[in-house]
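The form predicted alone is given below as one chain in structure tokens.
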Amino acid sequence: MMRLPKFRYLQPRTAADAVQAAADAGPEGMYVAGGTDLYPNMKRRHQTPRVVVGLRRVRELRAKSGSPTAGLTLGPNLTLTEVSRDPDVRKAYPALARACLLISTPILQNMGTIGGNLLLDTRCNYYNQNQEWRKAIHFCMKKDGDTCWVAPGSPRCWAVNSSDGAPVAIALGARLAFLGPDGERTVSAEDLYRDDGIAYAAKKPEELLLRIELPPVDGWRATYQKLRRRGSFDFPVLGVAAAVRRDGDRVAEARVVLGAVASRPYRSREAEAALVGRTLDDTSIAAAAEAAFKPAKPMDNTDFGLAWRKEMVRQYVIRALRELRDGA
């Protein structure tokens, strides 16, 4: 049986107090909301904070405001179930509702939060194992070792961003507000993620995700497609978030974002360029899928074979864009 290490648990009631508690704890402190990612990681000794700052009593992190026409703001502590069932999200941002509904199982959706999923730790076949397993291979670069077993000659970690919400947030053009000891700042979802399996988010450890800002719908339509071995529970092997805004019959703007293929969600601007100015027909969809397929380079860090996973990039981009075209 894997047990949690000993830690001190704090329960602040305001965001400012939470940030102060995390800052006081320094490198030995971490935030927890739903706990569906942190606590299993602590049991496997991936993370061993001495101080855990609980966010369940911080009411402001559960706030919702605005509207789809003016822009909708979601508190990061809203559960995945709450986001997937919210009438405004379901009607105006259905891609986000679908992504939340496809994360893990209903039981964990009732616990996990939208903010926690956006800040999900990167994953890898060689990292997400118990401590004894990892010790047998002399650990890995991401934790306690100095070798990336995905690419042993590499100077960096290749763990994968497996968040379902992250590619959708980028496709929607979302912005995220953080509160830190130096005040509040807002960053686009696209700029938050780094292509590094260890330092995967452009935020300080003591910074607290304060709110998620979804822009006005303004003619955009988006969808999300997820590939995984089982129809529930599993993390994505591939996620495709696609969004388009049309001017008449032609695509005026497009965003195509691939998840679970790199240490950060990958925005395929080549695929987007293949769509803009053209009708969303089979020819332009095939061109966009090919443009997304070419640079995709799956590595040995998730489920399934490499060549098949690469081919699925093409197929799932086609599937997502056809859904947007047909209005499903």
Partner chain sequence: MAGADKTLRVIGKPVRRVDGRAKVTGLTKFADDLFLPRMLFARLLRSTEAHARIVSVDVSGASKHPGVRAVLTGKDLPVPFGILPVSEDEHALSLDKVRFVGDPVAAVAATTEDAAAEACDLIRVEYEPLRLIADPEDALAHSEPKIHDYADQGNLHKVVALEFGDVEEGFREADLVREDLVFFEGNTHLPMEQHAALATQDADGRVTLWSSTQTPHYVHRALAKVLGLPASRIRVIATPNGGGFGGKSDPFNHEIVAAKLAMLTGRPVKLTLTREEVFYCHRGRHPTLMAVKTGVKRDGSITAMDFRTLLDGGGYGSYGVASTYYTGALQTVTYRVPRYRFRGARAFTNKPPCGPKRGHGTPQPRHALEVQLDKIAESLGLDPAEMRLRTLHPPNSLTANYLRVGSMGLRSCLEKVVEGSGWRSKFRKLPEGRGVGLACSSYICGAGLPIYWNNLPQSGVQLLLDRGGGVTAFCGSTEIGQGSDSVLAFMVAEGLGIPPADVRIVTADTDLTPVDLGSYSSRVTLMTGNAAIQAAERAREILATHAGAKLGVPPTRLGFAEGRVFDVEDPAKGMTFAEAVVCAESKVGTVGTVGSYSPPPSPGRYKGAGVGPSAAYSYTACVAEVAVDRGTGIVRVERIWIAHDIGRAVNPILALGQVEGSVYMGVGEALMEEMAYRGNRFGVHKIPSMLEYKSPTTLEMPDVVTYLVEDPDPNGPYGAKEVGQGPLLPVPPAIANAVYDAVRVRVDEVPITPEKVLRALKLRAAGKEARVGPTRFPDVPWPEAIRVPPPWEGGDGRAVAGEARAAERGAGGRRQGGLATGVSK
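Owing to the predicted nature of the structure, the values given are computational and were not obtained by experimental measurement. Positions refer to the first chain, counted from 1.
There is another form of this protein, the form predicted in complex with its partner chain, and it is not shown here; the text below is about that form.
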- Check whether Lys310 has any heavy atom within 4.5 Å of a heavy atom of its partner chain in the predicted complex, and answer yes or no. no
- Task: May I ask you to state whether Asp218 is within 4.5 Å of its partner chain in the predicted complex, using heavy atom distances?
- Result: no
- Does Ser232 reach its partner chain in the predicted complex, with heavy atoms at most 4.5 Å apart? yes
- Item | Close approach of Asn130 to its partner chain in the predicted complex, 4.5 Å, heavy atom | yes
- Query: Hey, with its partner chain in the predicted complex, do Ser188, Ala287 and Lys294 all fall inside the 4.5 Å heavy atom range?
  - Reply: no
- So which of 239 to 247, 199 to 207, 77 to 85, 223 to 231 is the stretch with heavy atoms within 4.5 Å of its partner chain in the predicted complex? 223 to 231
- Message: If the cut-off is 4.5 angstroms on heavy atoms, which of these, Arg194, Lys143, Arg90, Arg123, is the one near its partner chain in the predicted complex?
- Response: Arg123
- Considering only 26 to 44, what residues come within 4.5 Å of its partner chain in the predicted complex, judged by heavy atoms? Arg44
